[in-house]
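The chain below stands alone, shown as structure tokens; this is the form predicted on its own.
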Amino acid sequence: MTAPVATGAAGFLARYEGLKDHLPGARKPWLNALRADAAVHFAARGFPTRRIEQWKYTDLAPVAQASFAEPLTMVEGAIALPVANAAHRAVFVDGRFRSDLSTLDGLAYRVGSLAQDLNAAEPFLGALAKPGSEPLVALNTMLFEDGILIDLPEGVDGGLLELVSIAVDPGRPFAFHPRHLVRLGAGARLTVIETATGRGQCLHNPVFEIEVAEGATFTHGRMLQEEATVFHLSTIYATIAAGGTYDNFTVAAGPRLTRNEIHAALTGPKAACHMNGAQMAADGQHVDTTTALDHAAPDCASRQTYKTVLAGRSRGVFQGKIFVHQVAQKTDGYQMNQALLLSEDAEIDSKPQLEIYADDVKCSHGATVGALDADSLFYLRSRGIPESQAKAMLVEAFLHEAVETVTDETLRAALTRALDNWWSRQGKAA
């Protein structure tokens, strides 16, 4: 069954009106109210435009003007899965949980389909997300059908879990909006390796809500590897309590347009947040990392380091804001963006920001942009290394440096493979 094709914001709103009585949780008043409120906000604002400061460098017109239809039937049967990075994995196809492809037996915590466990999700679904200020979050809240629900009790070590999202090309433009909820109790630990793959004319619009309680540690590795016909627009909200840590590393390498937006709040003393990553784009691609880090408690630390490699006629964006409240004395915040341009037609926009209202802080930010170092290239050539190989060695060294801070060996190996796969597919052609 295929619903009428949606066109722009009005089309998505029409789809919501037609589907709202059939979406997961349609008989739950609290969820109906959440969706209806999001629909009001999306109707008022539509898709963000470049007139909005946070979207100044990223044009969503190709998304807003396209016609998408949500996949209304479950894709069944065999699906080609990416190489496994963990013994336990949760697999979603077109945004819907596939229990037959997942391996979750034996885990000592709650994990599975959000749509099948909405009662457990009620206390924190929508607690962090802001559909009133983020139109893509409003769109997600309106139309999400499924997502992962992870809930670790106090003190539990959840080990390593893989989250796999696959988009299957149905031969027409389609969209899906997963809603992922992650909650770690006090002192709990978990590492998630997230892989997104897919093809076709697709809009993948996931939203994460992540709660890290006191003393808990959540390591979140992301590999966004869809093909160059996909729009990947993700929004993450994370709140980190006293002594907790949220460690995020994202590799964005593949989609036609990628927006990796992260909102993190350090809400208790000695909380820490690390947001690092590597984003790459080739001819005709656009990649955007936008972060907002809120220091709302004293004695907290944050680190952000993003590397960008651009080939052909591509464009990269880094926008990072650190906001330090007056109460957040002894804040230690660091932010760096480094871009490597492999073509005269490549373009990077970098906008680091500090907004500080405390007087006892240590905060810094910086940005570098350049081509391959001529002296390094000459040195390698003088040692008999062909030019193409020498360039490859320098690019690979630049990218690999980004993952050196990742302490989990399995995650670091997976991220390194993702970087190498991009360069072997597209970088050498530059």
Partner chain sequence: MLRIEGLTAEIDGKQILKGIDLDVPTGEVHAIMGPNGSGKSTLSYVLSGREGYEVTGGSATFNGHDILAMEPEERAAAGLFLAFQYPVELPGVGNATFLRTALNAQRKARGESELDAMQFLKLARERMKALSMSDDMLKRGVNVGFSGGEKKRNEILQMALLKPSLAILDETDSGLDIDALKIVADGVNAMRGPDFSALVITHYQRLLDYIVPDRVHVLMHGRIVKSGGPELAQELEAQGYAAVQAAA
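Predicted model only: the values in this text are computed from it and were never measured. Positions refer to the first chain, counted from 1.
Only in words, not in the display: the form predicted in complex with the partner chain, which the text now covers.
Taking the partner from the other structure, the partner chain in the predicted complex has a heavy atom within 4.5 Å of a heavy atom of residue 381. Mapping the unseen interface onto this chain, residue 53 falls outside it, with no heavy atom inside 4.5 Å of the partner chain in the predicted complex. Of the heavy atoms in residue 401, some are within 4.5 Å of the partner chain in the predicted complex. Contact check for residue 397: a non-hydrogen atom falls within 4.5 Å of the partner chain in the predicted complex.
A heavy atom within 4.5 Å of the partner chain in the predicted complex is found for exactly one of 26, 393, 43, 36: 393. Residue-level contacts in the predicted complex: of 376, 67, 405, 49, one residue has a heavy atom within 4.5 Å of the partner chain, and it is 376.
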